[in-house]
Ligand SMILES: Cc1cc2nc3c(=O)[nH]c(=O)nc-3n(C[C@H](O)[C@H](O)[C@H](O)COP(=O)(O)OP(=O)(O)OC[C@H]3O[C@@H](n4cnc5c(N)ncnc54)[C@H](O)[C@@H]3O)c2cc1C
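Take a look at this single chain in structure tokens; it is the form predicted alone.
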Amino acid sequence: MADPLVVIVGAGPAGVRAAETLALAGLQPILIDEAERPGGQIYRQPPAGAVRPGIYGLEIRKAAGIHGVLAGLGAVDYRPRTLVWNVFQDRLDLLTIEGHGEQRFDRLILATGAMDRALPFPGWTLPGVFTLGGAQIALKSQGVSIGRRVALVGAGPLLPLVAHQYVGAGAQVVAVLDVTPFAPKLLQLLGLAAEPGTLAKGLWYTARNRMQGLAAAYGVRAIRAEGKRQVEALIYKDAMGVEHRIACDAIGASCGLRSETQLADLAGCAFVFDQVGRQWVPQRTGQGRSSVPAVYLAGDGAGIGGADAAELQGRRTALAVLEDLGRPVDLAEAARLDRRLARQARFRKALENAYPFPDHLLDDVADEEMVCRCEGITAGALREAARDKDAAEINRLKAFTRIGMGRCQGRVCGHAAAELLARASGVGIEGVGRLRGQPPVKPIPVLGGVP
């Protein structure tokens, strides 16, 4: 009898460790990834032959570990440069450099990762404004800075990390602005100590930035980008309400991360609301099982946990797959992973509380501000639909305004639209629901003659 066909989507820390665990157990998993080389976003590799010294900071050994896993595992069918754009029953729809294709599976592990959570602010559509993740990708993938004078704005641990990486690469960082206050970080130190090594690295990045003249400003209020044809300056108000103007030609800005959940939605997974992360995520047990028997979830695609947690979840989810297939499982190893994941969960809750959601930024979104670039939808149009058309649910709002119908399928604008709708409707963010996933989850070419 042939082995069951186990397919993993995503070659970041979670997907790579899941593939490794299955291969060492005697299976031959298929690992599909959109990128050219394994590593995911956090450990993204430059093109083959290129050298980017120092881009992983203190995580260089972990990055090298993930990068080298597949080279020693001949049993893994690794398929890079392959986009999974739909899940239907037991089949994946694919796009490769050769064209469209399909892949059947008996078991599916979704390790789809996360992307930046972008909130609109005045001038955010100007050329020269990037997300923090986009700024990282430019540095890791192509070895370039997003500008000559770079201002960084955000909420979350990615902010000091990107600042450190840019300074280390020789870029001129002119401002590091944290839109969350400093006090919650002190209040959460005990919870953050659940992972003392990670806490120490975060403190080191912050201290190193300060030593290099990059002391972060905390509690930043209103922000806006100015410029005629591209970014020329970033204007912000500090915690005391004093306005500052920073000359720059590029801005990296984002407010934490959000999970990439579209494929889990198309696979039929049940969703739950994550109060800490302020997002709907696919329901997942501690062992990585979803509500769909053949579908499993690992890594940030089912709730933000970070790279270390993703590696643990990848291994633990693979053990759950093996157990469900009737294969022998090391119960002691499973218990060890469960304990480490529980500790990671405590750390992550404290980390999210240390960087509370910056509600105040939404107070500054004027009616004329663009929210959805794909369809040209303003905040005023969203508020009008909520007020005059009783569009109190996000999919009803979509029907009236076309929010989430553009090329990104709401991946960029959906969270901000939900936040604005919740405010306009006077309900909590969980009360407006979530945008339902639609294929293709990312833009694909439509070729003549392809069914």
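Residues carry their position along the shown sequence, with the first being 1. Keep in mind that what you see is a predicted model, and the values were worked out from it rather than measured.
In what follows, reference is made to the form predicted in complex with the ligand, a form of this protein that is not presented.
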### Message
Taking the ligand as it sits in the predicted complex, is residue 161 in contact with it (heavy atom to heavy atom, 4.5 Å or less)?
### Response
yes
### Query
If you check in the predicted complex, is residue 136 within 4.5 Å of the ligand, heavy atoms only?
yes
### Query
Might residue 140 be said to contact the ligand in the predicted complex, defining contact as any heavy atom within 4.5 Å?
yes
### Query
Is residue 263 close enough to the ligand in the predicted complex to count, meaning some heavy atom within 4.5 Å?
yes
### Summary
Checked 146, 153, 84, 118 for heavy atoms within 4.5 Å of the ligand in the predicted complex; positive is 84
### Query
Though the ligand is not shown, can you say which of 223, 231, 307, 173 has a heavy atom within 4.5 Å of it in the predicted complex?
307
### Summary
TL;DR on 26-34, 415-423, 399-407, 382-390: the one with heavy atoms within 4.5 Å of the ligand in the predicted complex is 26-34
### Sequence-ordered list of residues in 407-442 near the ligand in the predicted complex, where near means a heavy atom within 4.5 Å
441
